[in-house]
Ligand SMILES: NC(=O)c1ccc[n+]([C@@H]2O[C@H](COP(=O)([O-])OP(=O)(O)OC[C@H]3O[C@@H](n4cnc5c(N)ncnc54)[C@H](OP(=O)(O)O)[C@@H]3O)[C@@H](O)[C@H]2O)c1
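In the form predicted alone, a lone chain appears below as structure tokens.
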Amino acid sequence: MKKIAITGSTGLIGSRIIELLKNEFRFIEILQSDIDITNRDQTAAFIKKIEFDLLLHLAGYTDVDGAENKREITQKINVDGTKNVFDAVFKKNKQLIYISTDFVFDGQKPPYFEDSVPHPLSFYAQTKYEGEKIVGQKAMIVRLSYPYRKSFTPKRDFVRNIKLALEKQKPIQMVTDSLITPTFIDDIAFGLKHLINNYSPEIYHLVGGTNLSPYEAGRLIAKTFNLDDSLIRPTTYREYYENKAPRPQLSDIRSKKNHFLPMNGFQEGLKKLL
């Protein structure tokens, strides 16, 4: 059984990966209480002493708007932390998978494939792209997009945020002239199972099978959970993100390489949440 060291194991995605794949791999969780990945010596010493075959690097500062005001800590975690982890893993001659994001693209000329050229807009996206450049062609890069799952108490994804607002009868604004690619986290886990077992230091996109506007996504969520879709008010990309960090407007992200796992479309993924 392969030994997988994992950072970010208590987060939205990492915790579900462990739940679903705990009988496939032996996971070694690297917790914040174990090491501060921004501390190079501490990271090197910890990774040197543990035994693993591959390290799955999920840890990161992911608050896109918060990153604009907290640039120093975002840089330390997403760039310096990634370099510290990568260098320590590379020194042991072990494999590494770096989890990145569709936000590395600018959303101006979709669709985006594994060989599309990144052009990040926000500071968060810049740091994730810097992480990609650090690991380069010596590790696997897996880009994800708008991940969602059934339940996770510490953090709500965008699906559960919308569902909760509608359950509370709160009106919400959702963008009509933008595209997102929601991705069911269970699919991410099973996709990573294949990629771990068939490791190659290249870029992969593990993304959902549907590209749609946030407004359309909101209406599908309302329909699936029998909630009032009249509470969803249309707005434009420009209006909605006026005082927020920029996101890729047309985040139509796809894969040329995923011939190993059919990814659920958004409607199918929502039905599985039921």
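Counting begins at 1, following the sequence as shown. Computed from a prediction, not measured in an experiment: that's the story for all the values here.
Another form, the form predicted in complex with this ligand, is not on view; read the next lines as being about it.
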Q) If contact means any heavy atom within 4.5 Å, which of 189 to 197, 140 to 148, 160 to 168, 110 to 118 contacts this ligand in the model of the complex? A) 140 to 148
Q: Give a yes or no on whether every one of 13, 35 and 101 sits within 4.5 angstroms of this ligand in the model of the complex by heavy atom.
A: yes
Q: Note which of 54, 220, 59, 245 lies within 4.5 Å of this ligand in the model of the complex, where distance is taken over heavy atoms; exactly one does.
A: 59
(Q) Counting any non-hydrogen atom inside 4.5 Å, which residue from 9, 264, 258, 251 sits next to this ligand in the model of the complex? (A) 9
Q. Any of the heavy atoms of residue 77 lying within 4.5 Å of this ligand in the model of the complex?
A. yes
Q: Answer yes if any heavy atom of residue 124 is within 4.5 Å of a heavy atom of this ligand in the model of the complex; otherwise answer no.
A: yes
(Q) Given that this ligand is not shown alongside this chain, does residue 94 nevertheless sit within 4.5 Å of it in the model of the complex, heavy atom to heavy atom? (A) no
Q) How about residue 155: is it within 4.5 Å of this ligand in the model of the complex, going by heavy atoms? A) yes
